[in-house]
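One chain comes next, on its own, written out as structure tokens in the form predicted on its own.
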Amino acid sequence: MFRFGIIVCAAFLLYPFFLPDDFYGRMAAEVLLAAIGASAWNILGGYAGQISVGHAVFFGIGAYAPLLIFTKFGLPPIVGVPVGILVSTAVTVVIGLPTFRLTGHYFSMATIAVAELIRLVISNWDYVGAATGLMGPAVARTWLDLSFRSPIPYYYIFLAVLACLLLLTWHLQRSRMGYYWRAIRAGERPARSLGVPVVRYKLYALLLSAGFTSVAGSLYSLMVGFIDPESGFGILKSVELIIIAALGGAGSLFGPLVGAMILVPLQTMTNSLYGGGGSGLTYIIYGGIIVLLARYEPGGLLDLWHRMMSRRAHRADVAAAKPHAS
């Protein structure tokens, strides 16, 4: 297993050298960016079991903050990254405490309502560009603008952020907080009966999830150089984070990465084959994945893979035991 991990890490580090074409470099950067956003959602939705359909709020805040810092104050956009995290954290406390009184689909519906309300406010707020959106620097002034012609620098920046996020998630899932989250996911009433401070640990999960989702939004706007209400706060962004995590396996460490490695190239392929009309296929793809996962594999592809490997190991043990039995 350790050797396999080394091989995977080496593959990600050396990928740009094997496929130096900008098209594949850009697609790989988008895969990592999607994995960051889905892994951030996974902290709340996968480990703590709180299905938020409003994470576009935090993604949008993170996406707007760097470009707003640039357009209004002339500072390097990277300065807006911690600003986005701070604003997302404040919004988390404001919306988290009341919505966490709800459970199940009521909580999900409340997050949708909050996200759509904020999207409408942003769409009509002239200070942040209203429906027109915001633009980043046309030409890089210094390296702090993080404006590169090649997608390779973005690829390695995203890879470093994803590695930090996965390392933190790995540590958290093995800590007391991770055990509390799993207890909450299994059932809030039994968790309370065991002495778990449910609301507090759900809020911890939301704070961490919102902070890293904001980072994903900031990285997106830094790479694209533009943001508008639909691309930042649109509900499709929230759905995308959920489906990527669920496709690979929500509640598992590498599930979001696996989901991103499948879904992002699939979207890129449909968009390149059908041009502008390919974007409409995104809704069809999302809907199909939801139906298939709900009907056949709620645990995601990693869960399916683990079951297949367990069955294979069981058959190998049975086959090895037969000569001894005879």
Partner chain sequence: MLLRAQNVSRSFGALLALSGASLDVTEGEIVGLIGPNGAGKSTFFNCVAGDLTPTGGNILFNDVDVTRATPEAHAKLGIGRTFQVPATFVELSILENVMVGAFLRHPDRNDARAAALEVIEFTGLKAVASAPARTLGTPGRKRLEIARVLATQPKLLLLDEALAGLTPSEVQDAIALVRRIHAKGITIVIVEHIMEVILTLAQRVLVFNQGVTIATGTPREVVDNTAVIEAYLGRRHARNAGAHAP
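Because the structure is a prediction, the values reported are computed rather than measured. Positions refer to the first chain, counted from 1.
Note that the form predicted in complex with the partner chain isn't included here; everything after this is about it.
**Message:** Taking the partner chain as it sits in the predicted complex, is Tyr154 near enough to touch it, meaning that at least one heavy atom pair lies within 4.5 angstroms?
**Reply:** It does not: once the partner chain is placed as it appears in the predicted complex, Tyr154 has no heavy atom within 4.5 Å of it.
**Message:** Whether Ser193 contacts the partner chain in the predicted complex should be assessed with a 4.5 Å heavy atom distance threshold; does it?
**Reply:** It does: once the partner chain is placed as it appears in the predicted complex, Ser193 has a heavy atom within 4.5 Å of it.
**Asked** Is there a heavy atom of Tyr180 lying 4.5 Å or less from a heavy atom of the partner chain in the predicted complex?
**Response** Judged by the heavy-atom cut-off of 4.5 Å, Tyr180 is in contact with the partner chain in the predicted complex.
**Asked** Using heavy atoms and a 4.5 Å limit, would one call Asn124 a contact residue for the partner chain in the predicted complex?
**Response** Contact with the partner chain, no.
**Message:** To test your reading of this chain, name the stretch in 225-233, 127-135, 167-175, 71-79 whose heavy atoms come within 4.5 Å of the partner chain in the predicted complex.
**Reply:** Flagged stretch: 167-175.
**Request:** Go through Arg141, Arg149, His105, Arg189 and name the one with a heavy atom inside 4.5 Å of the partner chain in the predicted complex.
**Result:** Looking at Arg141, Arg149, His105, Arg189 one by one, just Arg189 meets the 4.5 Å heavy-atom criterion.
**Asked** Pick from Leu207, Val91, Val198, Val114: which has a non-hydrogen atom within 4.5 Å of the partner chain in the predicted complex?
**Response** Answer to the contact question: Val198.
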